[in-house]
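Next up: a single chain in structure tokens, the form predicted alone.
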């Protein structure tokens, strides 16, 4: 008898990664080789060539910083290189090592070969970042059934086996990314209504704030900069993260590191108190950025805040009390103005859904979708939307929007273009994202990004404006873009699938 194929869901996170699958009709987290439910997304290579992934790599990240890579997710789809022991690695290369480790641990636990997977990505990931993620998975020996937006995955874990309709605000704050998604759950279908976020906001910002605070306090007391001592700084990084977690359930914590360094006068101990109020003040700027992102998401989607009836917090950084306070206050302040709807002032007390572990919600949602593909659980529908505007550059350097932000996909859109010069024998199809019709690609203050370009031969001996050129933008179910063009007169055609630019 042939053994059943098992599909898994993977949350490839900035700081930690998790794997899940369906067992007895429910999503379950697969523990790693250490028995832990999550694996640090850290890779280190020793001088002898041995590759460390996970906790062993994390514990010596500062001591062996030159040969260790953390937070690689933030560099996906970018032209970044890591030089490790005379060898060059790209973010895709590092992600392959993490994914191989996750795959091998899952195979050992389930005692079967793992091929098919659903992998989550931030909803705000652009096309290069999505393609880089898929490329890494494929090179790690995985078949990506779908790249699932992280907030949608978190909502799926919330909606699993539920019958009631919901209008959801999902705030997914991981180690290095923030995703805000507005979506509706009705008749087993998730429909995304709005997307916002940032790829530069996350729990790492909170850790950094604590680290900077301790460095300054210690320097003022002992006239010594801990960051100059790799061993001392490694300990501080570990204890800062622990202090952040302590303040998620306590009003005060102590950062205590005996014998953190030794000076001429003898050993020096670190003992600094940090209370919740001080911590909130340290992270005030980041909290303001989170609040702005949430407000912008409502504004850009055209949805009123009192539309929300459920709030899902995903990602370990949402355990920080001030994050929940911000989310609550945004919705509560709006709802309190709508007294005609008869909503009490404490309407928010029941909005945040706490029956889901925020550290695991995204991975469990990925496992549920993997189970749908596998046939283990009933089907659910999804309707995602684009997080960026997509278009082409015209002859004046301006962007012509083909697919507006907030457009549902998968889809295919075709626009007709022509030439701007006499006897023009080719056109350049330059694909752009995240701009507007008034911008110019040559202006440094514009936010347009080049995704790629290709040359298309057109029928020669044509007057200006005579050629008919169809340009088609196609976005597949994973949110990956393909742009094709054809000269309707000559039949000449060309296309580009936007791949990440790392070679």
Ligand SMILES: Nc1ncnc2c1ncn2[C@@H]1O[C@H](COP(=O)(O)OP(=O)(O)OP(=O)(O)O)[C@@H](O)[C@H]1O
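Numbering follows the first chain given and starts at 1. Small disclaimer: the values here were computed from a predicted structure and weren't measured.
Here the subject shifts to the form predicted together with the ligand, a form of this protein not shown in this document.
By the criterion of a heavy atom within 4.5 Å, residue 157 is excluded from the residues contacting the ligand in the predicted complex. When contacts are judged by a 4.5 Å heavy atom cut-off, residue 150 counts as touching the ligand in the predicted complex.
Mapping the unseen interface onto this chain, residue 204 counts among the residues with a heavy atom inside 4.5 Å of the ligand in the predicted complex. Contact check for residue 317: a non-hydrogen atom falls within 4.5 Å of the ligand in the predicted complex. Contact with the ligand in the predicted complex, defined as a heavy atom within 4.5 Å, holds for exactly one of 328, 418, 261, 248, namely 248. Interface residue among 194, 77, 176, 371, judged by heavy atoms within 4.5 Å of the ligand in the predicted complex: 176.
Remark: of stretches 185-193, 409-417, 377-385, 317-325, the one touching the ligand in the predicted complex is 317-325 (heavy atom within 4.5 Å). Along 53-89, a single residue, 73, places a heavy atom within 4.5 Å of the ligand in the predicted complex.
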